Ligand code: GRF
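Only one chain comes next, encoded as structure tokens, the form predicted on its own.
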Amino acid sequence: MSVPAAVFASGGGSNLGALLEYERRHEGAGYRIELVVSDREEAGAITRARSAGRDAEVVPTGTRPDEDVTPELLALLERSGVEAIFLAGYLRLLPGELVRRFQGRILNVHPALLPAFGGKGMYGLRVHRAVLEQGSRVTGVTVHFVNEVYDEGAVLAQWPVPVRSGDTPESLAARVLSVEHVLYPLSADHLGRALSKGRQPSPLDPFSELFLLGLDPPEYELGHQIRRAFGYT
């Protein structure tokens, strides 16, 4: 049984695209995207959603207080029967009431290994630039539950990505994003399957062979490349 879900996005929606593609390729996936919400009319995610035949709505936030935004968002989610929310490059902090209503049902993907390089203002190339300036040898992707503080919810899954000599913020971002496109749909699927059974999901272990067996061939090879890079052969 697929859990009806909403995706919140502020930008181009590449992770939305990955979620939609996973859903298309996996019959009986744990989630079904029923609604896409953005705070920006010009967001590419809106176009991507409508091209896929999904409902897409713009809810401007800006300087609007939460008491104005929250009823509008909750009405949209209720109309679509949404039971889970996936943030995909959504740059606004969700209103506290919405977070509480969907506690344990909201995921976010972050392009670093939290708690490192997280918090307000840490998104996009800012994260990768900070990783390189710090001299880190490893970065990665974190999928975590959303609470009322930026990037501080419980971790559901993490997947490390090596930092290479000569990396730029752009080259590192591209390599991390390719992992986001694998890990986020798997995590969303995992959450949806758990919720459909009336329970909370256990953390995912991306280094386990069981985890890799659920991947399609290109994703499986990517997983093994990452395992080999960190000595998990």
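Predicted model, so just to flag it, every value in this text is computed and none were measured. Residue numbers here begin at 1 and follow the sequence given.
There is another form of this protein, the form predicted in complex with the ligand, and it is not shown here; the text below is about that form.
| message | So, residue 194 and the ligand: in the model of the complex, are they within 4.5 Å at any heavy atom pair? | response | The answer is no: residue 194 has no heavy atom within 4.5 Å of the ligand.
| query | Do residue 189 and the ligand share at least one heavy atom pair within 4.5 Å in the model of the complex? | reply | Because no heavy atom of residue 189 falls inside 4.5 Å of the ligand in the model of the complex, the answer is no.
| query | Should residue 177 be counted as a contact of the ligand in the model of the complex, where contact means heavy atoms within 4.5 Å? | reply | Residue 177: yes, in contact with the ligand in the model of the complex.
| said: Is it the case that residue 109, even though its partner is missing from this view, gets within 4.5 Å of the ligand in the model of the complex, heavy atoms only? | reply: Output for residue 109 is yes: heavy atoms within 4.5 Å of the ligand.
| message | Heavy atoms within 4.5 Å of the ligand in the model of the complex: which stretch in 158 to 166, 110 to 118, 129 to 137, 70 to 78 meets that? | response | Every other range fails; the passing one is 110 to 118.
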